[in-house]
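The chain that follows stands alone, in the form predicted on its own, written as structure tokens.
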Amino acid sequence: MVLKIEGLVKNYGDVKALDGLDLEVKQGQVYGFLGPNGAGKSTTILSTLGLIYPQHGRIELVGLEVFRDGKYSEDSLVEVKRKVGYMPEHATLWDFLTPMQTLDIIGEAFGIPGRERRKRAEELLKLLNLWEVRDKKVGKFSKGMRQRLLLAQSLVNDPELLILDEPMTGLDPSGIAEFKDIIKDLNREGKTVFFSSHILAHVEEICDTVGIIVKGRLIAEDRLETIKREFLRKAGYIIILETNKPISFEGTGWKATPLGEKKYRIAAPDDIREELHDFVASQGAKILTMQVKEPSLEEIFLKIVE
């Protein structure tokens, strides 16, 4: 387990930011941490990294217990931070430095020898398409370039776990697409990615596992396909059916809505695709196309939050 949180509680006065949060991130996952603004996403991340103090609970990070019931283990935190990369939602860069100088300072802070950190900086700047501007002052960078440099900073120590807090905020569509590809590539190279966002489309496209947090509690956590399957089981199935001639659904108990002369939208409590084959054949017709309309992550999310 790369990250394990048990019963985490964080209060700000009378406001309960985390209410007994349980969460697990396994090796090799791209874990989408999803929730509305104010749900507790950033509080979870800051607690995990020892940047704020929760009141209760337990946190295990890359195999070491770093927090238990109001107390951090400083030795464990120092050790695990060598194996974790963090890209915060709001971060300040040194505008008067170049990307090479920026990464050199970060590498030095990790104790990486000079020759090795220069090599690492070159690798990262090429990976993130910043090599051509390696000697340009960061203050002249666009939003997308700054975000890529922040990601490069989080990768200087070659971490096992990469924690990204709303990394695509403020990017234009091309920047978002580029960032998604970079995250996918990092995962293929073996990085575990914990990715926080309130934008559902980003999570759905790049994450294999999803956790949904609402009011400080994790109310759903599983592989995305499993969450969708469970949602279908509870909410019912929507099947789009097209036949070679009109058919009647009278007496079936299925709610069939015509979408055309020979096309139908069928709502049923279960997966009735096998039954539909026999039913259509009994009316002397043939199925041309049939598909289950899967819910989007947005539909699932809105239903869960309700």
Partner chain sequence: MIWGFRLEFKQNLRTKKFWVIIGLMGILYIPSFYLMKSFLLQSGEKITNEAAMNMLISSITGMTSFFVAILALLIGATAINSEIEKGTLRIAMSKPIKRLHYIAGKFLAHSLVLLIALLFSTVVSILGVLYIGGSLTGRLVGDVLLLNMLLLLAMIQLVALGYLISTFIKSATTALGFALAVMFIVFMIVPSMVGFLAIKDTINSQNTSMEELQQIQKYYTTKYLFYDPISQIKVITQDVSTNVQNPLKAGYRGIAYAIKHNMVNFAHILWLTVLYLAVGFYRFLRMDLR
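Model, not experiment: these values are computed from the prediction. Residue numbers count along the first chain shown, from 1.
Another form exists, predicted together with the partner chain; not displayed. Remarks below refer to it.
| Taking heavy atoms only, is Q101 within 4.5 angstroms of the partner chain in the predicted complex? | Because a heavy atom of Q101 falls inside 4.5 Å of the partner chain in the predicted complex, the answer is yes.
| request: Tell me, yes or no, whether I272 is in contact with the partner chain in the predicted complex, where a contact means a heavy atom of each within 4.5 Å. | output: I272 lies outside the contact set for the partner chain.
| Are any of the heavy atoms in K191 no more than 4.5 Å from a heavy atom of the partner chain in the predicted complex? | Residue-level check for K191: no, no contact with the partner chain.
| query | Would F141 sit within 4.5 Å of the partner chain in the predicted complex, counting heavy atoms only? | reply | F141: no, not in contact with the partner chain in the predicted complex.
| query | Only one of 256 to 264, 241 to 249, 52 to 60, 23 to 31 gets a heavy atom within 4.5 Å of the partner chain in the predicted complex; which is it? | reply | That would be 52 to 60.
| Quick one: of R229, R82, K126, R217, which gets a non-hydrogen atom within 4.5 angstroms of the partner chain in the predicted complex? | Of the listed residues, the single hit is R82.
| message | To verify the annotation, which of these, I176, L150, V133, I183, has a non-hydrogen atom within 4.5 Å of the partner chain in the predicted complex? | response | That would be L150.
| request: May I ask you to list the residues of 103 to 127 that have any heavy atom within 4.5 angstroms of the partner chain in the predicted complex, in sequence order? | output: The stretch touches the partner through D104, I105, I106, E108, A109, F110.
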